[in-house]
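Starting off, we have a lone chain in the form predicted on its own, written out as structure tokens.
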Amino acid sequence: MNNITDSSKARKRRRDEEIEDEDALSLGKFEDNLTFSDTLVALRVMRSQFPRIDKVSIQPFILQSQIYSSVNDRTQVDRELESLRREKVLRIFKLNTGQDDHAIMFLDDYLTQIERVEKRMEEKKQGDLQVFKWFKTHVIDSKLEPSIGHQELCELLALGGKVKDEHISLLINAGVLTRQLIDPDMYWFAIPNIGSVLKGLSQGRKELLSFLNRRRYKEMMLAPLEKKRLRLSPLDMRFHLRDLIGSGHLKTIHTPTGLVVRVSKD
């Protein structure tokens, strides 16, 4: 079973042709490409702008809140994300941040992320690693939702070979699955190596909001704000601004001298 069907490959080629100017957008000023009319274009630009993170091997991901900040019609975003998910262009993950956060990762990037973890475990000679091939071929390709039950997981893995408890433990230790707290027979699909980045995400949110709340009018021009560095997050200011604008914690106001970012009233 192919990870991406021929028809979806053709759709991907068409999309690539439609957004040839993506690189130009990604290099432009943040203020000039804050919003987009198309969800996929927004996703590709944000992917290209994902910050380089030292000492963490992670493929680019986009928060759902960031898409909401960049495409004005949320219903359109939800509809287009669902379509892209069903076409196996991307996957959506529930994040363990204590909030209703979801990350979006292109399928090719996610498979690369799994392969990196698999290679690292192979170097350490950790267990029967053929389960990763079963996982990519039979589970990822057919189970598109953010979660999966234990029985269904075992049934899909069994299409590749005889499933043992150690196989499930390997997938959990690798970070591609996490048990749900409310139901231990259910798992979330997860992004390996994302833990330290999520810690930085939460701390960066607090740091940015605290900085703006200390200002006289709880606001700042976007251009100088974008250039500031956060001490507590490996993610850049642009990443956090899109996130907090999309979640409604911040808002943008057009003025004659440019965009102003202001803390939203409770």
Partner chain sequence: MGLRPLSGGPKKGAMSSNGPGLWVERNLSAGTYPERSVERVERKGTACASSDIIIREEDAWRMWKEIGGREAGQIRPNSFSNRVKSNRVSSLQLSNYKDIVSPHRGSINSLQVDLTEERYLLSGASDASVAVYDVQRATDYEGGGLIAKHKSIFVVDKQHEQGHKYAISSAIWYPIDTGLFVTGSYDHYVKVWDTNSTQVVMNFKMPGKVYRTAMSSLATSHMLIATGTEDVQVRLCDIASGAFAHTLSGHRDGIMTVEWSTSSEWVLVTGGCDGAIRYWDIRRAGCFRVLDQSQSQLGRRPPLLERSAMNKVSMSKSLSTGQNLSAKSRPQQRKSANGNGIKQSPIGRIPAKGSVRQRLHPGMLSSQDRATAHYGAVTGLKVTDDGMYLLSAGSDSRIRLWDVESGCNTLVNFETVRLQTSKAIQLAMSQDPALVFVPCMTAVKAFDVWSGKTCLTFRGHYEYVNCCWFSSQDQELYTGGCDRKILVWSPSRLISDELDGGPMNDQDNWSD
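Positions refer to the first chain, counted from 1. If you're wondering where the values come from, they're calculated on a predicted model, not measured in any experiment.
Same protein, other form: the form predicted in complex with its partner chain, not shown, and the subject of what follows.
Engineer: If the criterion is a non-hydrogen atom within 4.5 angstroms, does every one of Arg120, Asp236 and Leu241 touch its partner chain in the predicted complex?
Structural biologist: Spot residues vs its partner chain: no contact at all.
Engineer: Looking in the predicted complex, any heavy atom of Ser69 within 4.5 Å of its partner chain?
Structural biologist: Although its partner chain is absent here, Ser69 would stay clear of it in the predicted complex, with no heavy atoms inside 4.5 Å.
Engineer: His150: heavy atom within 4.5 Å of its partner chain in the predicted complex?
Structural biologist: Yes, contact at 4.5 Å.
Engineer: Spell out, yes or no, whether the shortest heavy atom distance between Gln64 and its partner chain in the predicted complex is within 4.5 Å.
Structural biologist: Answer yes; at least one heavy atom of Gln64 falls within 4.5 Å of its partner chain in the predicted complex.
Engineer: So, in the predicted complex, is Ser169 in contact with its partner chain at a 4.5 angstroms heavy atom limit?
Structural biologist: Outside the cut-off, so no.
Engineer: Can you pick the stretch from 169-177, 189-197, 100-108, 129-137 whose heavy atoms fall within 4.5 Å of its partner chain in the predicted complex?
Structural biologist: Looking at the other structure, the answer is 100-108.
Engineer: Along 227-255, which positions have a non-hydrogen atom within 4.5 Å of its partner chain in the predicted complex?
Structural biologist: In sequence order, Ser247, Gly248 come within 4.5 Å of the partner.
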